[in-house]
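Read the single chain below, which is given as structure tokens and is the form predicted alone.
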């Protein structure tokens, strides 16, 4: 990890270029951040939660924290996933029917890598998430059934939004191709033993891949949930898992000076509980990472936003921002509103495709500071300026430096934030794997559907 002032913990050894780098200096002291005394005082608790994580992930995919064992245990399941992906890859368009954790992870990786390595030879992924009749009609009008595959994803096998979307896609395929041919265009990812989708796959002989029962949806991007659609469009899923495994190895110690997930968890927890920083804003300075922030927001909110008996509710509110776009829409609020915020900036150190600013000689007198600059240099100046004014406004902030934008780096990011989230849940004293408040909404949805159309409803 890198630091930018002497108030932060001592500098770490230089890391290989392919690893994420962390600049946590502005999360510490300087009148607005965590003190060295606070971090040292939390060390026994950090050692405890790290020991819990190690113990509850030791049993692999059968462990309570199986999501943290995926980097080392999923490679054994890759041959089946890659075979299915080879079959799906024959289609020009692939529709992923899933919502929340069944969609956001794969969507994040796909959008990040699609813009870096565009290829007309690979199929296109389309994510069908919300129950929106307009969007469904718009999508189907653009697709040809004979060249379209469907991957339906639901851990329970009965997620109402996914069931509705999948039924609509099945009907469309069957009406256009006939029931027999339509089955050749469908794949299922769900629980290995139970649920409506598992039963349907068995009844109709549809290819179906299992989702490890101990892995929750929002932690499932490194299972067939994310690996199947990503492999089908040419993403190097082995590199994705390798990156996650590298980060897992980096987080094998309970020393926050060495374990970046533990340090980030400690900082977020202390800034919330000791300093009143209740809003966590993530702001990448690379458009392809926007969907990664959406994935992070679900992971963070659904895992940590919970009641704690006898204490303040757990968790900070995750907020999505985009540099430099939201400098023109949100920055005023950040700089002059309540001091209840912390920031995570994500900066890209190397751009595969960059171009010089197209500044004509006749305009150099107007924009002399653009002469000889590339687009990435302008974006970097915007980032550094925003971080500086955020720091001057006394908002703690951390910067994640990505050495490149590839599958290996994204694997590191995914494993990092899954670990940060689990650590934070344990520090707060909540279960980071459940979502009790969300379950009530699902129950009420079914009740309202049952009541609709009945007399007196």
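Residue numbers count along the first chain shown, from 1. Since this is a predicted model, take the numbers as computed values, not measurements.
There is also a form predicted in complex with a further copy of the same chain; it is not shown, and the following applies to it.
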Is it the case that 58, 87 and 246 all touch a further copy of the same chain in the model of the complex, with a non-hydrogen atom of each within 4.5 angstroms?
no
Can you work out whether residue 341 and a further copy of the same chain are in contact in the model of the complex, taking contact to mean some heavy atom pair no more than 4.5 Å apart? yes
Checklist line | 4.5 angstroms heavy atom contact with a further copy of the same chain in the model of the complex for residue 348 | finding: yes
Original post:
Looking in the model of the complex, any heavy atom of residue 121 within 4.5 Å of a further copy of the same chain?
Top reply: no
Please determine whether residue 263 contacts a further copy of the same chain in the model of the complex, using a 4.5 Å cut-off between heavy atoms.
no
Exactly one listed stretch (235 to 243, 87 to 95, 162 to 170, 74 to 82) reaches within 4.5 angstroms of a further copy of the same chain in the model of the complex by non-hydrogen atoms, and it is 162 to 170
In the model of the complex, the residue from 252, 381, 176, 202 with a non-hydrogen atom within 4.5 Å of a further copy of the same chain is 381
Within 125 to 153, the residues having any heavy atom within 4.5 Å of a further copy of the same chain in the model of the complex are 129, 130, 131, 132, 133, 134, 135, 136, 137, 138, 140
